[in-house]
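A single chain, nothing else alongside it, follows as structure tokens in the form predicted on its own.
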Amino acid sequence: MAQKGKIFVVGFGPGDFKHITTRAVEALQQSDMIIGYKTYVELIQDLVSAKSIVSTGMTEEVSRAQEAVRQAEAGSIVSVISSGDAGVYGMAGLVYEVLIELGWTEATGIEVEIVPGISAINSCASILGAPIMHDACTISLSDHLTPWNLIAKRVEAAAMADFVIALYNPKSGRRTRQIVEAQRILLEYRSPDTPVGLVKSAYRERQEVTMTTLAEMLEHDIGMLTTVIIGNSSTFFYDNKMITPRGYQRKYTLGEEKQPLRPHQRLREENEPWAMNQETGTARNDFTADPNAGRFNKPSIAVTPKPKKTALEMATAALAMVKGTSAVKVTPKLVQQKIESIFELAVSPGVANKFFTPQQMMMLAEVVGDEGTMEYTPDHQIHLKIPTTAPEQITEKLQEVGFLLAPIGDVLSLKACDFCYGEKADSIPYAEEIQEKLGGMSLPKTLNIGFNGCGMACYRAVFDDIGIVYRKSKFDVFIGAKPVGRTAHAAQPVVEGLEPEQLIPLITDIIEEYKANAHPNERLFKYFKRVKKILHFTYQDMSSKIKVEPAPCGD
């Protein structure tokens, strides 16, 4: 029986070695492979001795989780890393979600250990002083995965409830309005002078700390590496520190060593008038807050005690409750939020068809509506992004009008030439079969297949990851193009004159090898260059610099 692997999901804190836990270091050093966002990998690279380190871009979280599961199932010990705490906007939940999709159980599946770390709210609070001494919450302003309307509701609810609020992901190069809207909502409930702390790159070399107010916070630099901590109505600044009182000043005399009230006396109702009455279950409503002083004041009016119920009244009420005839009906206040996801997919009239029908265009307008977007791409596809709770209804409507549907992301995408109607009639069925068998396959990175239906090759398929050219009733195959960049190059020719019946088995074998062995986010040309051989095809460097011959005049 093959040895089971293990996944550590490691939170390494703010990034400073002094603030990473001993258990996190142990997990990293026990691991055969480290997987993480490239910036995070760079922060902890001096602590690891793993044989393999896989780093990917900012938006490659799913591929990182999938690769970790794949490697662990093959017997490796893998650490998936997150800054801060892995369970706070980190990788812990996503790893479990990927495992659940595969039918994992704790009893029979690979072992998973979540290694906690210091979250940004805690590390940033320690730098600011003591801003989260009272009830606090975290809200991410990124609406890439959560609809903005839901985020706005959470900001408003936290503002109304007087929470200290830590805003994660407040602003990026493309997301600039969210922090503005959050400030607008907060100012409806909070004083403009509410203390705000901005901490950028906590405990890292480029750490920046700014003390400001709710009204003026947008005048300062805020970015993706900034955590914004907004105080509650009692938070104050003192000597460049941001402090939120816990409430001791209400029951204790902080300036005296000897307290005027003994511990048992402090619990009496007259000494804590803000508390819930343990008999009636109600809180006093004549206890007001002074937002300027940041503490509560005793009521200025006398409190008239409620008359006690008679024995007959209490007995009658009890009997009614036993019989179920109580006139008091409690309506549950359930918050059942249907969270809309952003459903993304690509549609086209067909593999080699570029003609849209009026019915198809009208259906696009219907399913996209006012909230969605559609973008035409060079691949003769339209990319749709639609907020919805029922994606299956959208796909049914699109298929009813004859659209070819495909997922968006790190999948196999095929484009066949569609510029003429001559020789391609013999070759296009093979393109359609490739689409049917392999189209939309999940891969380490987007893989484009270009298919030319005749020897003119006017589509330039040789500049895709895999190029296929139909010539003289047979196929030429190219792999490993690099279409952009200073070292851009066409794909390497690997087969000439391939028999038609051999085409799809060969393409399938190439893609299956790439899928099984490539790193997450590794394009086919990078994989080919790294391993030097795909199937029996040997890598050749196609990016050599062109040598310019000297001019005849000698200049």
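This is a predicted model, so every value here is computed, not measured. Sequential numbering from 1, following the sequence displayed.
What follows is about the form predicted together with a small molecule, which we do not show.
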Problem set entry | Option from 107 to 115, 442 to 450, 356 to 364, 167 to 175 whose residues, in the predicted bound form, bring a heavy atom within 4.5 Å of the small molecule | 167 to 175
Exercise. In the predicted bound form, which of the listed residues (Ser119, Ser413, Asn232, Ser79) lies with a heavy atom within 4.5 Å of the small molecule?
Worked result: Ser119
Seminar exercise, completed: Checking Ala158, Leu128, Ala202, Val462 against the small molecule in the predicted bound form, the residue with a non-hydrogen atom inside 4.5 angstroms turns out to be Ala202
Exercise. Is there a heavy atom of Tyr89 no more than 4.5 Å from a heavy atom of the small molecule in the predicted bound form?
Worked result: yes
Problem set entry | Ser427 within 4.5 Å of the small molecule in the predicted bound form, heavy atoms | no
For this session: Tell me, yes or no, whether Thr194 is in contact with the small molecule in the predicted bound form, where a contact means a heavy atom of each within 4.5 Å.
Result: no
Problem set entry | Met211: touches the small molecule in the predicted bound form, heavy atom cutoff 4.5 angstroms | no
